[in-house]
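This document starts with one chain, in the form predicted alone, laid out as structure tokens.
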């Protein structure tokens, strides 16, 4: 274990642990848009930038993305130094110009006093900030159904050739974890549609509520050794069934003791 100083407080952490992890453990609010605990950090959004220095640096300091910067003994970190706040304002100013309709961007920008962009606005800008959370999670789950394509202003997240991706199982991990709600999907009549691909949903045999797509259930059944029948009951019905079972056990134990 080593010791670093964050905003004047000495804290203990592991050598090499990423600064963002330590900062969040100390319950210090540092904004992020591209970070997700389930996948490797990418440093794409730059909002988690912090100021770092050491006593032997003679007053010199650096500005680093905390999700990618490892902790070293004696490091001094300032999460909200004046220059750090200005850097975040500049980043959010650019995000506002590129994604003027994003409620998440507007909220973050307002937190730092940026109520309107000072740059030329991309009027038809969409809400995809290219954080790559969706593609990293998709890759991590072993599907790799979507990726970033194109370059410059035309870069976007899409399936291969912008066609219904053969490897997508409709798990919704991409859409549910998108920080700006860019990825859209439709559900209804026992069907799910995402990335121009339509899926059949598995319905709960007890209450009729849909659970997951048939393709995702089959994948989990084959790859994780989860019986397909497990997905034929929704979470609520599973909990009710478990409660009833536990109730029977408790009654049996009372009867045995009496």
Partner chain sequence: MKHDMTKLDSIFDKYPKSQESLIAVLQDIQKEFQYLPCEALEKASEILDVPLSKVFSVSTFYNAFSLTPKGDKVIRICVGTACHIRGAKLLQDQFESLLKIKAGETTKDMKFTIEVVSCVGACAMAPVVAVNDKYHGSVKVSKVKKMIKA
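Positions refer to the first chain, counted from 1. Not measured: the values here are computed from a predicted model.
Note that the form predicted in complex with its partner chain isn't included here; everything after this is about it.
Handout entry: Listed residue that, although its partner chain is not shown, lies within 4.5 Å of it in the model of the complex (heavy atoms), from 126, 118, 90, 147
Key = Contact residue from the list: 147.
Exercise for the section: Give a yes/no on whether residue 160 approaches its partner chain to within 4.5 Å in the model of the complex, heavy atoms considered. Expected result: Heavy-atom contact with its partner chain at 4.5 Å: present for residue 160.
Problem - its partner chain contact in the model of the complex: residue 86, any heavy atom under 4.5 Å - result: No, residue 86 stays farther than 4.5 Å from its partner chain in the model of the complex.
Problem - 4.5 Å heavy atom contact, residue 111 to its partner chain in the model of the complex - result: Answer no; every heavy atom of residue 111 is more than 4.5 Å from its partner chain in the model of the complex.
Handout entry: its partner chain contact at residue 153 in the model of the complex, heavy atom, 4.5 Å
Key = No, residue 153 is distant from the partner.
Practice task
Heavy atoms, 4.5 Å, its partner chain in the model of the complex: which of 174-182, 101-109, 138-146, 68-76 makes the cut? Say which one.
Solution key: This holds for exactly one stretch, 138-146.
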